[in-house]
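Encoded as structure tokens, the following chain is the form predicted on its own, with no partner shown.
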Amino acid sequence: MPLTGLQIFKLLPNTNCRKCGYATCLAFAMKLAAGREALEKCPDASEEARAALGAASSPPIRGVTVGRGPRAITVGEETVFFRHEKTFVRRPGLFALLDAKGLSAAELDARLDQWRDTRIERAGETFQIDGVAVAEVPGSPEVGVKAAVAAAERGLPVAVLAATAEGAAAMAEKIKDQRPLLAPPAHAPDGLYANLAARLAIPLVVSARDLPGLAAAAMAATHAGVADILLEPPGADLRALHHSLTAIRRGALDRIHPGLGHPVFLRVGAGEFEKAVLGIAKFASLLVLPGYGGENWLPLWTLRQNIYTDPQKPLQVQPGLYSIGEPHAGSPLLVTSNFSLTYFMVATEVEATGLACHLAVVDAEGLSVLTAWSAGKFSGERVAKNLRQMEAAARVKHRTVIIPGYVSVISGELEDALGEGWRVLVGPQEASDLAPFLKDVWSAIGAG
């Protein structure tokens, strides 16, 4: 169990030396207990304290990395049961299932190239396929080996979905330097696979028919020398699976059994979209998804983004002067906040008009326009300062800036802050009204 602030305080030197940046050792201990500081900030901590605090402060769920290089994915290291308690640390990895049986070399290359190059930008995050789960083809081990090698060569993390110990060895040996994940058949005897994973120093998936058996299997793999383990939860239906996923997370956080302190691996079969949703919502760390289609992947990516963003940090885009279309010096200059939803609503509506525009996204600390104004983060002075930093004057000749109608009250202050030659035009309150506004008002004033 994690130590309390007072328990940590008793392990510290209690000199109130302030070397850690806090006035007292007690204040520092409270920050350590909350997980907001690191013990390394206390240079006088004893080895005994470091050992005790290191064990107590380590994440209850071990982190596991699959793959190498820029696309390597780390899962685990979670510390809370509910997202709003603090935040979820690692978003689950979504791996595409690859059955290379019957694929020509050209077809295999084309599919892997497509998966590698798939990129969709949404609300400041890049959606992409996190890795490839290569299924062993029984009777044709060379097919799986070629597919695994081809995926690894493209820098994609690989999960080896084994059917036999021999096939698993053939595939994993070829790409061991790329740190693949070895996933034996569900409920298969773990001995051979655990020895293989230990020898190759790669992560291993363990499974069992019930939770006590799963925890025992994880401990057996650890004793066999496997350092990194993922748990495949039992569950014949969604209800049973929900129970298993929940029990594993709760057992890990409460440190009920060391065999439960590992990330979770989940196979999703064809037509099991609800299972994928359950896995993302309820603590699965790495999911294998069949097929590839935007109708399946896009909603799952979006669900994952909504759940795994930090609730303490508003979803926001980078402040700056954005181009919608190909604007010129006479194109409209609009202002909005850097709250992601606000930005994308405004950008989408402007794009729909077909009129090229400059869109100044002001740093409002991720708040919507009206909320930011209420908090003093969308004032005339602040907007003017942002426009100067963006060098907006060099981008437009008309010196006219369009502000959201909800903050018309800042128009006078903004004009004064921008200086002589500038004028402020109050736009509509709703983004959906931008099209008629730009068509009727902007064209009528002749600023363009």
Partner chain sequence: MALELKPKKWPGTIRTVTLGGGRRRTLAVGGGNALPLHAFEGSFPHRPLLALEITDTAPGRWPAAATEPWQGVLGQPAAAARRAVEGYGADLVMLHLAGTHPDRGNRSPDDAVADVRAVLDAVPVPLIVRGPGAGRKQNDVLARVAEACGGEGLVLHSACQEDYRTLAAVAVAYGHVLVAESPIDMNIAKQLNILLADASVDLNRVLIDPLTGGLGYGLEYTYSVMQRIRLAALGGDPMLNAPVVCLAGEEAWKAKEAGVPRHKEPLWGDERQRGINWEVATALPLVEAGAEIVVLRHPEALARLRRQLDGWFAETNRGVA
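Numbering follows the first chain given and starts at 1. Between two forms, the rigid core is defined as the largest C-alpha subset superposing within 1.5 Å. Please read all numbers here as calculations on a predicted model, not as lab measurements.
What comes next is about the form predicted together with the partner chain, which is not displayed.
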request  = Spot the stretch among 181-189, 83-91, 144-152, 201-209 with residues whose non-hydrogen atoms come within 4.5 Å of the partner chain in the predicted complex.
outcome  = 83-91
key: the partner chain: the contacting residue among D113, E166, E173, E274 in the predicted complex [heavy atom, 4.5 Å]   = E274
remark   = Answer key, the partner chain contact in the predicted complex at 4.5 Å (heavy atoms) among A105, A72, A227, A281: the residue is A281
query = For this chain shown on its own, do L53, D99 and P234 all sit within 4.5 Å of the partner chain in the predicted complex, going by heavy atoms?
reply = no
query = E125 near the partner chain in the predicted complex, any heavy atom under 4.5 Å?
reply = no
message = Given that the partner chain is not shown alongside this chain, does A220 nevertheless sit within 4.5 Å of it in the predicted complex, heavy atom to heavy atom?
response = no
message = Taking the partner chain as it sits in the predicted complex, is P299 near enough to touch it, meaning that at least one heavy atom pair lies within 4.5 angstroms?
response = yes
inquiry  = Quick check on L260: any heavy atom within 4.5 Å of the partner chain in the predicted complex?
reply    = yes
key: Members of 232-257 lying within 4.5 angstroms of the partner chain, judged by heavy atom, in the predicted complex   = L238, R239, H242, H243, T246, A247, R250, I256, H257
message = Please determine whether the C-alpha atom of E351 is displaced by 2 Å or more between the shown form and the other one following superposition on the rigid core.
response = yes
request  = Verify the C-alpha shift of G251 between the shown form and the other one: is it 2 Å or more after superposing the core?
outcome  = no
message = Please determine whether the C-alpha atom of N306 is displaced by 2 Å or more between the shown form and the other one following superposition on the rigid core.
response = no
query = Would one find the Cα atoms of N306 and L321 closer or farther in the predicted complex than in this form, where their distance changes by 3 Å or more?
reply = closer
